[in-house]
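Single chain ahead, by itself, as C-alpha cells, in the form predicted on its own.
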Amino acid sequence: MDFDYHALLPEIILAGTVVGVLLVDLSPAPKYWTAIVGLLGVFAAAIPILTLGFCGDLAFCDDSGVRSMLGDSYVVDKFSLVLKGLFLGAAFLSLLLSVSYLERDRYWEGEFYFLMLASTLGAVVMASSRDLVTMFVGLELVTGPTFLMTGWRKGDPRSNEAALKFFIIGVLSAAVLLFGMGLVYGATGEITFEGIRAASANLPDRSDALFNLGVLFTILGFAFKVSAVPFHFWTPDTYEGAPTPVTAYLSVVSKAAGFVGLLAIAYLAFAEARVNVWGPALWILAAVSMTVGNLVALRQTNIVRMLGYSSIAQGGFMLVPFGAALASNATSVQLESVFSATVTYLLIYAFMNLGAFGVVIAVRNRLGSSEIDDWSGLFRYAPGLATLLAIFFFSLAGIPPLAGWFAKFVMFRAALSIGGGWVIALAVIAVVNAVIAFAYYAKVVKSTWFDEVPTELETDALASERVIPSLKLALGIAALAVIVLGVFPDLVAGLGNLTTGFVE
C-alpha cells in the first residue's frame, strides 16, 4: 500500500508534537515549555500545507493536484489543504489564548496542550477523510479530548456540569451519526464517498428509502456537532462552564470540524439526496438556528452565554448555503458558489470568534466577571480592549469594512444566485436575523464605551493588570485578520473558491 509522506506530513508533524508535549511534560523542564513545543509543532505542521499548495512551483513535487491514499479513503486536495490550514491556525490562536489562563490559575498545562493538539489532529484528519470510517474516527478524535478539557476546572461545579452535559450529548450524537452511517452502508454496500454516490444513483425503491433514512440520521448526527437547533441545548451551559480558552476552541475548531464533515458527506457522498433529503432538512435547521440563537442571545446578561447563543446563530448562517442547495434547478456553478460560501464564512468566523473570546479572557482576568453590566465603562480604563471588543463584535454583526460583512455577503449572494421561493424565503429570514444580531452586539459595545463604570467595581477595574504577551499576540493576529480580510476580501474568497473541486 502506497503512502505519500509529503501529503501526510502535516499529520505526522502534529502527531509527533502530541507525543513531544507529553514527553516534555514528563521531563524536569519548566511547564511553559509544553506550550512552546505545542506552538512550534502547530507552526511546523502548517509548512507542508504551503509546500503542497504550491506544489506546481516546486521542483521536487509532481503537480497532480489530488493525492489519494488507502483506496481513495484518504485524499489530500485543495479542499483538505484549506481546511487543514484553518484548523492549524485556529489551534495556534487557541494555544496562545490558553497560556495566560492556565498559568494564571495554575491548571495542569502539559495534559491540556496534549489534549488540545490531539483534538486538532482529529480535525486535520477529517479534512482528508473520504469514507465513513475515517470520517467517524476523525470526528471522535476531535470530540473525545474536549470532554476532558471542558471539565478542566475540576473543583468548579459548573465546569463539572458542563463536562457531563457535553459528554452525554456527545455520546448521543455519536450514536445517531453511527446509526445513520450504518443505514447508508446497508443500503449501498459502500463506505467510500465516491462509492456511496455511485451506488445511490441506482438504488431500488426499498433500498432508496433506507438510504434516505440513513442520510437523514447522518445529517442529524452532524447537527449535534455544529449546535444546530434543536440539538443545541448543551451549548450555552457547556460554553459557560468550560474554561474560556476551551469555549473558544469548541466554538471554532470543533464547530468547523462538524461543518467539514457536512460539506464532504453532503456534497460528495449524498449528492443524489440533495433535493429530497438533506437540502430541506438543513433549510429548516438553518432558519430555526438563526432565529432561536439570536432571539435568546438578546436576553442574555452573561457575555459567555451570549456568545454561546451567538455561535448557534452563526452556525445557522453557515447552514444557509446548505439550505439553498435544495433547489432542483441549481447548476454545478451555483452549487460551487454555495459550497464556497460556507468555507469562506468558516474562515472568517474563526478569526472573529477567537478574537472575541480573547477579549473575554483579558477582561475577565481584570474584572473577575463575565456579566455584561460589570463591563460597563470598559473604554474608560482599558481603551485597547474596548476597541478590540468593538472590532470583533461589529465584525460578527457584519458591519463593513470588517471581515464579517464579506462572510454574510457571500452567503446572501450564493443563496440569491440560485433563486426560487424557498431559497429567497431563507435569505429573508437571514436578513431579519442579521438585524437582530446587530442589536445585541451593539448593546455590549454601547455599554463598554458609553456607560459609567459600576461604583462597586471602579477601584478594582481601574487597577492596571498587564495582558501577557501570548494573549496580546493572539488578539493582534485575530484583529489584523479581521481588518485585512474585510478590506481585501479577495484574499479569503480565493481560498473558498479553491475548495469546490468535487462539487458537481
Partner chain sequence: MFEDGWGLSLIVFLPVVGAGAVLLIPRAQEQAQKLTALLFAGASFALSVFLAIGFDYGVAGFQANTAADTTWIGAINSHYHIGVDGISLPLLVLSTLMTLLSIVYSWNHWPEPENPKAFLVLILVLATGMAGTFVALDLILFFVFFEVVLLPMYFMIGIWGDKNKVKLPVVERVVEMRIYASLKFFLFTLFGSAFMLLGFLALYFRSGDGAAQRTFDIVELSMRSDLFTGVFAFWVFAALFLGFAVKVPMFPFHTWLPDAHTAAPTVGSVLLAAILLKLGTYGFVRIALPILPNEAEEWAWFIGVLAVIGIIYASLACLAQTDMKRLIAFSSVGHMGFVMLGIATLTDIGINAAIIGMVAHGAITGMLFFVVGSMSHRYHTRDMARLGGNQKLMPIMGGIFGFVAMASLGLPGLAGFWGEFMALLASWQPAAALSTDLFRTLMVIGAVGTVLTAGYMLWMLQRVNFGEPPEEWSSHELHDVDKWEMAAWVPLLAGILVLGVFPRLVFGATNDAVIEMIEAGWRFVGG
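Numbering follows the first chain given and starts at 1. Treat the numbers as computed from the prediction; the structure is a model and nothing was measured.
Not on display, but discussed next: the form predicted together with the partner chain.
Student: With the partner left out here, if you bring back the partner chain in the predicted bound form, are 405, 442 and 449 all within 4.5 Å of it by some heavy atom?
Tutor: Affirmative, all three are within 4.5 Å.
Student: Which one, 400, 368, 186, 71, lies within 4.5 Å of the partner chain in the predicted bound form by heavy atoms?
Tutor: None of the others qualify; the residue that does is 400.
Student: Which listed residue (428, 209, 171, 284) meets the criterion of a heavy atom within 4.5 Å of the partner chain in the predicted bound form?
Tutor: Among 428, 209, 171, 284, a heavy atom within 4.5 Å of the partner chain in the predicted bound form occurs only for 428.
Student: Taking any heavy atom pair closer than or equal to 4.5 Å as contact, tell me whether residue 497 reaches the partner chain in the predicted bound form.
Tutor: It does: once the partner chain is placed as it appears in the predicted bound form, residue 497 has a heavy atom within 4.5 Å of it.
Student: Spell out, yes or no, whether the shortest heavy atom distance between residue 487 and the partner chain in the predicted bound form is within 4.5 Å.
Tutor: Residue 487 belongs to the contact set for the partner chain.
Student: Closest heavy atom of residue 417 to the partner chain in the predicted bound form, within 4.5 Å or not?
Tutor: Yes, residue 417 sits close enough to the partner chain in the predicted bound form that at least one of its heavy atoms falls within 4.5 Å.
Student: Considering only heavy atoms, tell me if residue 412 and the partner chain come within 4.5 Å of each other in the predicted bound form.
Tutor: Output for residue 412 is yes: heavy atoms within 4.5 Å of the partner chain.
Student: Partner absent here, but in the predicted bound form, which of 387-395, 116-124, 219-227, 154-162 has residues with a heavy atom within 4.5 Å of the partner chain?
Tutor: The contacting stretch is 387-395.
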